[in-house]
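The chain below stands alone and is given as structure tokens, in the form predicted alone.
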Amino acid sequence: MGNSEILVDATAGVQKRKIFSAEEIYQLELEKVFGRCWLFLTHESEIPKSGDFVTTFMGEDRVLVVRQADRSVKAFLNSCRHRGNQVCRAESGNLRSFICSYHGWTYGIDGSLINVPLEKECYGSPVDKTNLGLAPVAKVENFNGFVFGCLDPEAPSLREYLGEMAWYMETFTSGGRAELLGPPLKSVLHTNWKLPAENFACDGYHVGWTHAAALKVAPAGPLGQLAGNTGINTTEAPGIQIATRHGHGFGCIWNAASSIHRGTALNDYLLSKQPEVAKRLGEWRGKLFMAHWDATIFPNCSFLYATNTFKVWQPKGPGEIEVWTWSMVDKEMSSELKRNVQKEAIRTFGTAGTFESDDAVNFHGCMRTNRGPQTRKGQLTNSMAVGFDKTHPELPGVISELSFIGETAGRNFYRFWDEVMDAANWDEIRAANSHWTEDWLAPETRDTNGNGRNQSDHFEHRQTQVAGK
């Protein structure tokens, strides 16, 4: 593997710049991050009928996701077992079988090989098709309508992987009430996948500066106070930032759910539903239901609850991503409200959205600058509010109440990135589950053998194997 190098100091909130541009690190990410973690595949509303399919990516592996006759969902590598060609080039549709355009090998919707042209004439005997079906994705599971897949058979269940984040997401997904309006918009950005994922997890700091002009013309409500980064009226719309196990996290601003939507229709709808949410899920989630969230599910799935945007940052190399964007709505909304919500979501965070365009400039700038041979030798910091993180008696995870602007969830993102990159397998990752908050907060923690270990030793001296310098 080459030399060992300290790439992340999660306690101080420091990362080496090279993690955004080094090819060898990116290749390791494809194996250890995208090859191990749960990745968003589709929403069940996109494949309602038997034979419905979408094609997507898990890292850089092409994947075919298909609704089965028994209503289950299966996923397969989109690659013929003969010579490796794609068996499906369409982005979505409904089929009874998938036929490779190279030699005509045919696969059922369950992935089984069902036909080989000229089988008797060219092979001399029947082909044993038993082990020549499409390679399955090891695990496919559904969280309240959101379908995820994992390539590692030893990974925890999706619910375990989401951990505390699932508790929070139930605020707007329980009962399968959320759905995505597709097909997704797609665009290419010349940046590293971690930059936008980090941004959506924690970066309320950029909103007032990067989006100052947009906030002045948009009906931004409580978000409007951020314009120009001149101050925060914490008595009017304070918020919190939350970090959960496995690198997930989000920030929220209270009472800001419909801030950038024109008109009152969305806010009126949410207010009509909020009492029922609070009754069913409790006071805190009732409060979160009326908040604005910026969130990331590690590694590359992000959403803005109440801005109604859902994104996947598909990696295409260390310096390029394809951005897939859906609009997120409540199934019980009227058709008219869904259309209006989608229009507002596209206006702000669609491919050419006002806020999306602002962010793209910064993501591109960070990537381009950090590639410089001298620049990439340095380090970056996301140390905002270090020392103010804590646990909460009612809210799961690690909480920063200093401000809704913070970098707690960002540090958590890189902390888990470093852990996954360093671990040999999921057993090593699981070993830290029961004490991850103590690891985060306490000056001293204990290792899996019960031996005392200083927190700085646990985090600052974690070594990630990378090839080369």
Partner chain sequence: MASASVSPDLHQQVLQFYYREARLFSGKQYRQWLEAMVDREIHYWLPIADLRYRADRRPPPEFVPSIYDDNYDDLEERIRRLETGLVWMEDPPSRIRHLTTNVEVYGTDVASEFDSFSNFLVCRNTEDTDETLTIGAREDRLRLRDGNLTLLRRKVILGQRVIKDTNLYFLM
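Positions refer to the first chain, counted from 1. This is a predicted model, so every value here is computed, not measured.
The next section is about a form of this same protein that is not shown, the form predicted in complex with its partner chain.
- In the predicted complex, none of the heavy atoms of residue 285 sits within 4.5 Å of a heavy atom of its partner chain.
- In the predicted complex, its partner chain sits beyond 4.5 Å of every heavy atom of residue 115.
- In the predicted complex, residue 138 stays away from its partner chain, with no heavy atom inside 4.5 Å.
- Interface residue remark: residue 280 is not counted as part of the site for its partner chain in the predicted complex, having no heavy atom within 4.5 Å.
- Heavy atoms within 4.5 Å of its partner chain in the predicted complex are found in exactly one of 140 to 148, 381 to 389, 188 to 196, 246 to 254, that being 188 to 196.
- Within 4.5 Å of its partner chain in the predicted complex, a heavy atom is found for not a single one of 73, 273 and 396.
- Of the candidates 130, 335, 125, 374, 335 is the one whose heavy atoms come within 4.5 Å of its partner chain in the predicted complex; the others do not.
- Contact with its partner chain in the predicted complex, judged by any heavy atom within 4.5 Å, is made by just one of 319, 238, 108, 353: 353.
- Contact annotation for 172 to 187: residues with any non-hydrogen atom within 4.5 angstroms of its partner chain in the predicted complex are 181, 182, 183, 184, 185, 186, 187, listed in sequence order.
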